[in-house]
Ligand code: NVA
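Here we start with a single chain on its own, the form predicted on its own, put down as structure tokens.
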Amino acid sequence: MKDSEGKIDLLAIDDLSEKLSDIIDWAIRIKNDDDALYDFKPLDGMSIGSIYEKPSTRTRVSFEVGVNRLGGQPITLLAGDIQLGKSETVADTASVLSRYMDCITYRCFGHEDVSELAEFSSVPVINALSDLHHPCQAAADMMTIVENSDKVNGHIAWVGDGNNVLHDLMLGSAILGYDLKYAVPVGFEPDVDVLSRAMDIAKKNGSTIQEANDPAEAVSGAGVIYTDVFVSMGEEHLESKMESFDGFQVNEGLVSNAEQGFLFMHCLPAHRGDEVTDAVIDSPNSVVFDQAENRMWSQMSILTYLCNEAAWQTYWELR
């Protein structure tokens, strides 16, 4: 969504509603275009800053490698490197970094912080994860599903916590017209405002979003089964939370209710033996490492679109 200055920020995946399908198709195209890695440098001369309040493997590496491949300079700022919200306000930090950077990505705890950063930044801001949304993961997820569209016969099923990954999965599925059914324990439902947004989008695009508290009901006839850790980073102190997820493990018995060629998805890292068994995550149905790779390609498409839309459009037309 463009602001009054024409800047586009990505705080939730529906900020890219009108372009999401093209962004994914663009990512798939560049992923399979070996020549583009040598002669297409849309971020040449640009510096992309990434702020991390939380540790990261996939997010940090995928952004740094992706920015390099596009010709830009990645600059990583860890929690100890920056005084964001401590001795300096988020607003002041945004104003300062905007003088140095061409785009800022922010992996944070509170969604209000990335929203404030975007409000006061004069360059695009990408939410690299907050407690409410994870749009970069959703872009990779939808890219993976589109890549395997010939194998997906049935709806997308979510089994687990009503968390940030589910929020943007619902929004992304609705935007692209996929039906989704989610099963979460009572008391761990997704945010009502996000759910309402997703259902409004789904209605416009002819798809559905349904709730179930029974995992077997959610995965019955599914073409995709998706889960995530039951206890997220920062929730380790909630020891009793695991008890609520009894019966929500994605195992061989549960997936037997899905379509035979279903895809198994997980945003990683996985707590094997908790939310998923080895037999499922290591099965031929699993595309979890394709998802991890697609974080880079989908983010490359997003970065190019936000930072150099003319080059993004030119590549789209010529390739």
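What you see is a predicted model, and the numbers here were worked out from it, not measured in a lab. So that there is no doubt, residue numbering starts at 1 and follows the sequence shown.
Omitted from view is the form predicted in complex with ligand NVA, to which the following refers.
J.: Which single stretch, out of 156-164, 87-95, 171-179, 212-220, brings residue heavy atoms within 4.5 Å of ligand NVA in the predicted bound form?
T.: The contacting stretch here is 156-164.
J.: May I ask you to choose, among 244, 76, 148, 232, the residue with a heavy atom within 4.5 Å of ligand NVA in the predicted bound form?
T.: In short, 232.
J.: Which one, 28, 268, 36, 281, lies within 4.5 Å of ligand NVA in the predicted bound form by heavy atoms?
T.: After the contact test, the surviving option is 268.
J.: Indicate whether residue 129 is a 4.5 Å heavy atom neighbour of ligand NVA in the predicted bound form.
T.: Answer yes; at least one heavy atom of residue 129 falls within 4.5 Å of ligand NVA in the predicted bound form.
J.: Just give me the residues of 210-228, first to last, that have a heavy atom within 4.5 Å of ligand NVA in the predicted bound form.
T.: Sequence-ordered list has one entry, 228.
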